[in-house]
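Let's start with one chain on its own, the form predicted on its own, as structure tokens.
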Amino acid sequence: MSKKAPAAAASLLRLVVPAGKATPSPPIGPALGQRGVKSMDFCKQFNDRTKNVDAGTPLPVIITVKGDRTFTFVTKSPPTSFFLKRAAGLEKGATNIGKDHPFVGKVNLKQVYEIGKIKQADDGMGHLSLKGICAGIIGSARSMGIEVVA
């Protein structure tokens, strides 16, 4: 009786890719290339799947590469920091934070609530209450130097 060769284990790859702007250049090309996947195939599928999202919006992607060099991927909602910077009208967060440094922007609780509703739709966040998600968003805002006002 012959034994079957064990299937090669699937590998996970996590990237943040701008919506609609995936190209086979670094970091996508080398990351997929060393796993034997054609990066152009991923780029075409990703750009097609994200054509309804604002171009350039950073989207976290989890790519599962199987042993036979096929792949699947899941896109998630943009990072919380992206939403906070957009809501506060900022290009980037504060370089220094604390008592001695002023806030660089402001967001209100309604904006935090809207960000929380978007983040709650992500896989892995469904078990968390909206209140808990909003508390995390408020903490992220403070660490970026953004003030949360009522």
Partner chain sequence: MLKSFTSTAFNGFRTVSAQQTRCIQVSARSFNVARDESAAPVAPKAKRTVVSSAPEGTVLKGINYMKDGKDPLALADDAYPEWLWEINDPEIRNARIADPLDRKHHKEARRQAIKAENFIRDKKT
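All values reported here derive from a predicted model rather than from experimental measurement. Residue numbers count along the first chain shown, from 1.
Note that the form predicted together with the partner chain isn't included here; everything after this is about it.
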item: Listed residue that, although the partner chain is not shown, lies within 4.5 Å of it in the model of the complex (heavy atoms), from Arg69, Lys92, His101, Lys51; value: Lys51
item: Single option in Ile97, Met40, Ile62, Ala87 placed near the partner chain in the model of the complex, where near means a heavy atom within 4.5 Å; value: Ala87
item: Phe46: touches the partner chain in the model of the complex, heavy atom cutoff 4.5 angstroms; value: no
item: Contact label in the model of the complex: Lys131 to the partner chain, heavy atom within 4.5 Å; value: yes
item: Exercise: Ile115 in contact with the partner chain in the model of the complex, heavy atom 4.5 Å; value: yes
item: Any non-hydrogen atom of Leu15 within 4.5 angstroms of the partner chain in the model of the complex; value: no
